[in-house]
Structure formats: C-alpha cells, structure tokens
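Just the one chain here, laid out as structure tokens, in the form predicted on its own.
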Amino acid sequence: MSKETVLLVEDLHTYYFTLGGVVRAVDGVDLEVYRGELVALVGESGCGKTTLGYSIMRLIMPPGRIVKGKIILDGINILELDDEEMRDIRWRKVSMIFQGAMNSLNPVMKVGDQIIEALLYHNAISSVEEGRSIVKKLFELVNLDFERMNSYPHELSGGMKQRVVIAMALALNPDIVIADEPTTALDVTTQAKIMKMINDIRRKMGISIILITHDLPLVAEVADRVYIMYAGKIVEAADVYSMFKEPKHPYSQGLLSAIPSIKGPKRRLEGMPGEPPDLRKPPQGCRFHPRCAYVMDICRTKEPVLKPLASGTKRIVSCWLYDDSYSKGG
C-alpha cells in the first residue's frame, strides 16, 4: 500500500543576510514526510535544523529570508500564500513544539487561557466555555491535571510546561507537528515520559511528527525514518533500522561512532576532527570534505548529488563514495 505524503520540501533555500555576509543556513534541502510517521531530523548544533523547521512554519524573521524552493503541505505550496492565508494554516495544518517551553508561554497569562486564545483566534470555538472543554480533553491527552489550566507558567515544573506546549500544538488537530528539541533542559526520566507521550499521541491521532534533535539514542527509540543534516544540507536519509545498522555517509558514521554501546566489547569512542564550516563561506565541493577520512580529489571541487543508493530505494545519500559515475571513472 502506497504511503500518503503530507509534507514535501523541494530545493529549499533559507539564508540570513547579515552585515558579516550571507549565512546559507538551509541550502537546497529536500524532505518528505508521510502521514502518521515520525521523521527525525538530526545534526550537530548550527547545521540548520531549527531554521528548516521555522521555514516550514513560515516563521523566518529578518534578516532571514526564504530565497527559493517549495514547501508543499497537503498539496498546497505554502510559500505562495499571503500572510493571512498562512496564519489560517499555521496551527490548523502544521504546528510547532518550540525549544524551551518557558519561552513559548506568556508569563502573565494562565496557561489554559493561552490555549483558549489560540482556539478563538482560529474560530475553532464560539465561547470560552467551549474552549475550557477542549482544554480539559487536551490536558487529559497529555496527562496533566485540568486544574493546572488556571496556573501561570512559573507555577509549573519544566515537564508540566512542556506538556502544556504540546497540548497547545495539538489544539487544532494539525496534520503535522514539528517538535524542536522537545526534551531540552528536562531530566532523563521526564524526557522519556514526554517522548513516550508524544509517540502515543502520534499513533492515537494519526498525525505526522518531525523531531528535530541531536539525541541519537532517542531517535533510535521513536523514529520511523531519519534525515541527517550537515552544514545546511541533507547528506543522508533512511529508515531508522538501516541508518543505525549501516550508516553510509562518513558524517553519519561519525555521529554513530560517538555513541557508547551497552552491548558487545568495549571500544574507544571516536570524535570527528575539525569544526563545522562557516556557512557564510562553505567549503567548495562536499561541505564535509575537510573533516572526512575518505576524502578524494573530486570531493574538494565538486558537490555530490543526494540520490538513491540503488534504483527504486528510499535510502538516499550525498557522497562520491557511492556515485557509480565517479567510481567507474566517469
């Protein structure tokens, strides 16, 4: 049975035009999300993950700007919509769990009132009383006491605030939720509870989730597919099992080699040499080549194309090691 595509990002470029130069934060990204799946977007800090999430939400602020590309949500290219049309789609079709729950909530409003305000703005309810009924259902969904709707953010623990933010993201039954580091600053036990809850809600409601993270053990636990991002570009994508069993791109291999294992013989953890590139002046050719153990001459001059490893497969990688035309001397 074919899968239904709910989100398709094609050749997306989002740049920041600063006094120090143009930062190519997202530089030609392609991404696809199917209905009901959890896709992880993984990469080290500064690689463009959050900028990609904000681009999908159309929340890029100056000096940032979406330069070109397509973001097709349920068949509609949202980059062609005006601001009013986008405001109607935001939270109704696509919503976001922002990194840092405390910064996502108004400190002088009760948390329940903030959710009701969003429902009223989108004409999803006709009265505050109806809104309270929806908030009660949402709080039950995220395992939060209904009485907490009368609390201010500072009266809640970090885990409680995160549950409120998740409830807000789900308030209008969106098709897709972007979760940007949803367990940041939470203790390990609370992280596990929050992610289990998000995954349970995903299965129960049939929504799609993009999980932005650098936590690879978490990805292994909850994701269906994984996109690896480096220096503004996707360098590899695969189902989670294939990615962890046999990463193909040298950067993916480096990320996974840094994870300690509780099984098998002890081994020395390896870090990647060098530093991420300055996205104002990215390296010529493959952006990972200054840090790559397998670098070849072509890597320094020509950028590899992101394409399937084999015909008809969904496993894609951007690396000259797997390009038949080059390996065969073409």
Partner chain sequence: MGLREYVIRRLIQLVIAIFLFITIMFFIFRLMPGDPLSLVIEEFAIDPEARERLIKLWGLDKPPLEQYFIYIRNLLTGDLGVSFVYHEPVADVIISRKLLNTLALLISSHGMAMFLGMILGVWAAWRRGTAIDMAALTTSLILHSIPIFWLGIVFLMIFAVKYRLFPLAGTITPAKTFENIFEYIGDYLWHMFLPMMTITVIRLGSDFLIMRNTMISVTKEDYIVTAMAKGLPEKVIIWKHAARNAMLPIVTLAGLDMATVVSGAVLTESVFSWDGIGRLIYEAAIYRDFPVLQGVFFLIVVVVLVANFLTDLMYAYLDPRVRYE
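A quick note: this is a predicted structure, and the numbers were derived from the prediction, not measured. Residue numbers count along the first chain shown, from 1.
Same protein, other form: the form predicted together with the partner chain, not shown, and the subject of what follows.
Enquirer: Does S257 reach the partner chain in the model of the complex if we count a contact as any heavy atom within 4.5 Å?
Expert: Taking the distances in the model of the complex, the answer for S257 is no, it never comes within 4.5 Å of the partner chain.
Enquirer: At 4.5 Å between heavy atoms, is H122 in contact with the partner chain in the model of the complex?
Expert: Answer yes; at least one heavy atom of H122 falls within 4.5 Å of the partner chain in the model of the complex.
Enquirer: State yes or no: in the model of the complex, is some non-hydrogen atom of G158 no more than 4.5 angstroms from a non-hydrogen atom of the partner chain?
Expert: No, G158 stays farther than 4.5 Å from the partner chain in the model of the complex.
Enquirer: At 4.5 Å between heavy atoms, is N103 in contact with the partner chain in the model of the complex?
Expert: The answer is yes: N103 has a heavy atom within 4.5 Å of the partner chain.
Enquirer: Taking the partner chain in the model of the complex as the reference, which of D239, D74, E117, E140 has a non-hydrogen atom within 4.5 Å?
Expert: Contact with the partner chain in the model of the complex is made by E117 alone.
Enquirer: Among 148-156, 185-193, 130-138, 215-223, which stretch sits within 4.5 Å of the partner chain in the model of the complex, heavy atoms only?
Expert: Among the listed stretches, the partner-contacting one is 148-156.
Enquirer: Give a yes or no on whether every one of Y16, A25 and L79 sits within 4.5 angstroms of the partner chain in the model of the complex by heavy atom.
Expert: No, none of the three is in contact.
Enquirer: So which residues in 51-69, when you check the partner chain in the model of the complex, have a heavy atom no farther than 4.5 Å from it?
Expert: The stretch 51-69, when checked against the partner chain in the model of the complex, contributes Y54, M57, L59, M61 at the 4.5 Å heavy-atom cut-off.
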